[in-house]
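A single chain comes next, written as structure tokens; it is the form predicted on its own.
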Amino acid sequence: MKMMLKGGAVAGVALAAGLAVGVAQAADPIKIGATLSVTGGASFLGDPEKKTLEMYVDAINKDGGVLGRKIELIVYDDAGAPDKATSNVKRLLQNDSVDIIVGGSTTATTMAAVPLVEKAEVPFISLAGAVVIIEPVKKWVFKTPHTDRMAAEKVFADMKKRGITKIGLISEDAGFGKSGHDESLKVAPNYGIQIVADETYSPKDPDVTAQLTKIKNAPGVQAVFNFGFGQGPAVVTKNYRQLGITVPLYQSHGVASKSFIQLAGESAEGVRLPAAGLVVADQLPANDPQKAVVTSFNKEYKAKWGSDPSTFAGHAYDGLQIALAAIQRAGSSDKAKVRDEIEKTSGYVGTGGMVSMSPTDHMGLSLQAFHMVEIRKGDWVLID
């Protein structure tokens, strides 16, 4: 009898210990990591992304978190440098033991992270633009922004409507700009577009007059398309006006921020680009399913930070919402289950459009998610 009681007591202690461990695990925070370009040349991407993540994580935690667990947000600044992004991701994986990563901000920092998250088998939702991030499909890697290929297709479709068939292409010689350049060459023939001049520049070049002069003198140029982000496109736009080039100028969605308009100043007048509905929230039709989402996001961001959000802030919002919804559906932060649920995302209406992912599509946006906008009097005007 004593042995039986003793055994029962041990079993009871073991059961109590197991329950205690279970309660402790249930109370553990869900760890979301991020490497973002908060400073440096890509800070106009990373800064609003960081602000967005912080704002919504705080709000969600005040409402009790997810699955009864608080969210712990761990953000490191990579300043746009791939080597720093590599170090940050290693730290997030090895030291912080994060459950999921949302971000990098740029294609270069994202691609530095990809082999690490794939090896560690941790879900990763990128906030960068290049199609190479998700093509070919990588099991643990997803993204929220429209791709550079989609941007080229949207621009070329608009050119076709305007009867433009011959263009000059100018692009940054690395990362997003290089990828956008290559995708533009691939899809231009599908729209009857002939690229008769093709020039590149470094993101840090203070002047691109020489390249633009070659484009200006190329025979038959009817428009110019620039692929890049940061200060480069603003330099291109200013030099473009200084040279008196009068044919239409197009930019990519890499400049879908008021920061670009401020940097380019009056030179930005008339520039066209593809962008998410977020930048023209008040101009969307009342029956557009995005309108309520982007209007609410605009209001909340501006109330918190005192400025209008960029599409890049929206990418972070979508990444966070998709991640948390997947965790909720999975019923835990188990990495494999969360990865599977991200891939099952369907009908999510975000700032970038309606998202429906699949095993063969780790972005889930169609070309219809893009809008063509034009800059007029320092603001965005919806064209299409």
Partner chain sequence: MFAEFLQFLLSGITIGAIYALAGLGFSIIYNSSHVINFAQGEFIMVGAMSTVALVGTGVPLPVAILIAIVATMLVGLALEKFAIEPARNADVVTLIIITIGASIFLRGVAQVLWGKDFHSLRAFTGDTPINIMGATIVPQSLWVLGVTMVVIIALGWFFSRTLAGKAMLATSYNRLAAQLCGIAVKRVLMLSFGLSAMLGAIGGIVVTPITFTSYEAGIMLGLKGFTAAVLGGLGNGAGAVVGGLIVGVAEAMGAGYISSAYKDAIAFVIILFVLFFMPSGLFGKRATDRV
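This one's a predicted model, so the numbers in the text were calculated from it and none came from an experiment. Positions refer to the first chain, counted from 1.
From this point on, the text means the form predicted together with its partner chain, which you will not see here.
Visitor: Taking its partner chain as it sits in the predicted bound form, is Pro189 in contact with it (heavy atom to heavy atom, 4.5 Å or less)?
Guide: No, no contact at 4.5 Å.
Visitor: So, Pro285 and its partner chain: in the predicted bound form, are they within 4.5 Å at any heavy atom pair?
Guide: Flag for Pro285 set to no.
Visitor: Is Gly254 part of the interface with its partner chain in the predicted bound form - any heavy atom within 4.5 Å?
Guide: Taking the distances in the predicted bound form, the answer for Gly254 is no, it never comes within 4.5 Å of its partner chain.
Visitor: So in the predicted bound form, does any heavy atom of Ala210 sit within 4.5 Å of its partner chain?
Guide: So Ala210 counts as contacting its partner chain.
Visitor: Does each of Thr147, Val279 and Thr311 have at least one heavy atom within 4.5 Å of its partner chain in the predicted bound form?
Guide: Checked in the predicted bound form: no contact with its partner chain for any of the three.
Visitor: Just one of Ser202, Gln194, Thr246, Ser296 has a heavy atom within 4.5 angstroms of its partner chain in the predicted bound form, so which one?
Guide: Flagged contact: Ser202.
Visitor: Just to be sure I understand the contacts: of Val271, Met159, Ile134, Leu263, which is the one whose heavy atoms reach within 4.5 angstroms of its partner chain in the predicted bound form?
Guide: Partner contact (heavy atom, 4.5 Å) among the options: Leu263.
Visitor: Thinking of its partner chain in the predicted bound form, which stretch from 120-128, 211-219, 288-296, 159-167 has heavy atoms inside 4.5 Å of it?
Guide: Of the options, only 211-219 has residues within 4.5 Å of the partner.
Visitor: Pull the contact list for 236-254: residues with a heavy atom within 4.5 Å of its partner chain in the predicted bound form, in sequence order.
Guide: The stretch 236-254, when checked against its partner chain in the predicted bound form, contributes Lys238, Arg241, Gln242, Leu243 at the 4.5 Å heavy-atom cut-off.
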